[in-house]
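Next up: a single chain in C-alpha cells, the form predicted on its own.
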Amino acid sequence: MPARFKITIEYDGTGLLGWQRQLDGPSVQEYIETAIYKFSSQIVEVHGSGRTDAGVHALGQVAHFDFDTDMDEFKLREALNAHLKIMEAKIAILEVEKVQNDFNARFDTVKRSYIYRILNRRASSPLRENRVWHINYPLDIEKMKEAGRHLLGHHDFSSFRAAACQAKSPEKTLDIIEITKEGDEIVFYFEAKSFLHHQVRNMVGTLKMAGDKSITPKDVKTILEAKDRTKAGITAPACGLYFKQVWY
C-alpha cells in the first residue's frame, strides 16, 4: 500500500547548494531522493518545509514524500541513513513518521524558527569553521537586544528582503527574537510563521551594526520604516544560520 512519510533532517550545509535540487551541484533534496532510489528503485520527490540557501545548516528541517511501499518507519530511517553515509553526505534523518496522505510539509506549517551564531572573539576557530560568523572585535549585546525589539511584531520587512524574494507580500510577523551570550558566541533566535528570503540574515547583518555601534538601536526602527533594502546592513554569511524547528 502507498504511504506518505514525514522525515526530520539535520544537515551541514557546507558544500551544498541549499535544500533544492540544482543542475550544477549537490543539494539536500537530491541526496535524499538519491538515497531513496538506491535502496528501493523508486523515483520520488521529497518536499521540504522550506528552502535553505547554499551553506545554511539545519537542526530540524522537515520534509515529506510518497512511497509505494508501506515500509516500517525504523527500517526506512536506517536505510536512508545508511545510503546517505555511503554517499558521504553530511545529512542525517533524525525521525521518520507515517502521516496522513493530505499532510504537506510546506503548507501545513504553523511556525518556523532559526538560529544565527556569531563567534565574537579575536581568534578564529578551526573547529567551528563554516558554522559561525566570526567577528573579531567586541559587540555590545545589550545594544543589539535593544535594537532587536524594534523588529518584533507585524511589519513590512522590505528593508530586510532579498531582491530575489518571491513572497507575494513583504509583511511578516516576527513573534520572538532572543539574543543571548553563550561563551564566546552570540546566539540569535527568531520565531515566526514564515520569513522572507534572506530576512534573518539581513536582520542579523543590521543588528550587528548596532552591536559595533556604527548605528544606534533606534536607527533600526528608522531602517525598518524606510522599507528600503539599501538602508539596512549587509546580508550576514550563510555559514552562521541554522534552520532550527518547524511546527505543525
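Start at 1 and count along the sequence shown; that's the residue number. Values in this document were obtained by computation on a predicted structure and should not be read as measured data.
One more form of this protein should be noted, the form predicted together with another copy of the chain, which is absent from this view; the next part is about it.
Novice: In the predicted complex, do 6, 15 and 36 all put a heavy atom within 4.5 Å of another copy of the chain?
Specialist: No: none of 6, 15 and 36 comes within 4.5 Å of another copy of the chain in the predicted complex.
Novice: May I ask you to state whether residue 164 is within 4.5 Å of another copy of the chain in the predicted complex, using heavy atom distances?
Specialist: Residue 164 lies outside the contact set for another copy of the chain.
Novice: Even though the partner isn't displayed, in the predicted complex is residue 129 close enough to another copy of the chain, meaning a heavy atom within 4.5 Å?
Specialist: Answer yes; at least one heavy atom of residue 129 falls within 4.5 Å of another copy of the chain in the predicted complex.
Novice: With the cut-off set at 4.5 Å between non-hydrogen atoms, does residue 154 touch another copy of the chain in the predicted complex?
Specialist: Residue 154: no contact with another copy of the chain in the predicted complex.
Novice: Does residue 225 make contact with another copy of the chain in the predicted complex, using a 4.5 Å heavy atom cut-off?
Specialist: Although another copy of the chain is absent here, residue 225 would stay clear of it in the predicted complex, with no heavy atoms inside 4.5 Å.
Novice: Out of 71 to 79, 169 to 177, 146 to 154, 107 to 115, where are the residues with a heavy atom within 4.5 Å of another copy of the chain in the predicted complex?
Specialist: Looking at the other structure, the answer is 71 to 79.
Novice: Scan 208, 198, 64, 57 and let me know which has any heavy atom within 4.5 Å of another copy of the chain in the predicted complex.
Specialist: Checking each option against another copy of the chain in the predicted complex, the one that comes within 4.5 Å is 57.
Novice: Pull the contact list for 84 to 101: residues with a heavy atom within 4.5 Å of another copy of the chain in the predicted complex, in sequence order.
Specialist: Going through 84 to 101 in order - heavy atoms within 4.5 Å of another copy of the chain in the predicted complex - the hits are 85, 90, 91, 92, 93, 94.
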